[in-house]
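Below, in structure tokens: the form predicted alone, a single chain.
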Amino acid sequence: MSAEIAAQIVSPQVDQRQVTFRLVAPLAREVKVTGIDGQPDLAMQRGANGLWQGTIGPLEPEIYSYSFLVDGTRLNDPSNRYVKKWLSLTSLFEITGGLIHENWLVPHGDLHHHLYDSISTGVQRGVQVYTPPQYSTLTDELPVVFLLHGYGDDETAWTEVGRASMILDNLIHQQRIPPVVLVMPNGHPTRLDIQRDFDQYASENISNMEKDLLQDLLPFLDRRYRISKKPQHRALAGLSMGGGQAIALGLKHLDQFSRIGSFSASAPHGNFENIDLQMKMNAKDFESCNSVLNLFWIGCGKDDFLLDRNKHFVKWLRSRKIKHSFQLTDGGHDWTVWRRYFVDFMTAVFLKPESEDRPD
């Protein structure tokens, strides 16, 4: 063993529900652990050779994010390769406890990563596709769910942090859902520019996403996977930015998708007439969409910064008499909520369609 490996410190060290963090920072005056959901900042103690250490817990089973604050400067844990890739990186750790997103001893599906030629955007684009266990032995066309990510993410977010593939493995094993194909495309056909106004960017991005999804990605998938072409066997869902995309593209293309899921969405906003224009819908469209819309599932947390925007959109849906299910839950704008929403949506997709608008 090399001296470098032998000197490597262990951080974080998870012992049941206790977590110990360590950082070598000999010149630091103060080191804290920050950003753990539901926990105050943890002041770490300095030991020999500038090794800082602190322990927190017990914590409930979940996946947690955190960072170090070293004399006020935010840092990732250099000893931890488990990170969440957003616009900036954040360190992660997991407390296990039998949750549906954990790696259970069940048959697992396969995760495929493709680069496909997107003629509409002029570049190659990435997509991840989950196929269920024993996919190669199945002969029927399978239902397919398209799952979109948030503004700061890419096509890997729903599996690396959202644990979507593990969730499906476990749900299929429990026979709560049938075998299904999950498609997770890159949601940025427009080059991401964080200095642009979000809604201005989102409008252009949705337009480009529509072209890429329908003209490029769907034909690519149809050639390679046994997925149903029937709208009643296709669903479109997403979180945050992806939730806004799912709403806009789903309601516009009910000939392709009969089930829509919106998790903490950047939903259409403005006065109701402006939303009509954004959605390109009129009285005839409102009436006809209910005949083919099997499920419109909307979820948002009580502490989510997009809650008012979602409530306003739900009022628009009510005023236009578009059937939907609105779930107001605990939580904010984070993956703890979205993993739970994904489970709820997937199980709802395969239930008998039912409209349930839960009051605020």
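Just count from 1 along the sequence shown to find any residue number. Predicted model only: the values in this text are computed from it and were never measured.
The same protein has a further form, the form predicted in complex with a small molecule, not shown here; the description that follows concerns it.
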Proximity to the small molecule in the predicted bound form (heavy atom, within 4.5 Å), stretch among 279-287, 239-247, 178-186, 100-108:
239-247
For this chain shown on its own, do 116, 211 and 220 all sit within 4.5 Å of the small molecule in the predicted bound form, going by heavy atoms?
no
Can you work out whether residue 162 and the small molecule are in contact in the predicted bound form, taking contact to mean some heavy atom pair no more than 4.5 Å apart?
no
Would you classify residue 266 as touching the small molecule in the predicted bound form, given a 4.5 Å non-hydrogen atom cut-off?
yes
Does the 4.5 Å heavy atom contact test between residue 135 and the small molecule in the predicted bound form come out positive?
no
Contact between residue 201 and the small molecule in the predicted bound form at 4.5 Å, heavy atoms?
no
So which of 320, 32, 309, 324 gets a non-hydrogen atom within 4.5 Å of the small molecule in the predicted bound form?
309
Say whether the C-alpha atoms of residue 286 and residue 270 sit closer together or farther apart in the predicted bound form than in the form shown here, given that their separation changes by 3 Å or more.
farther
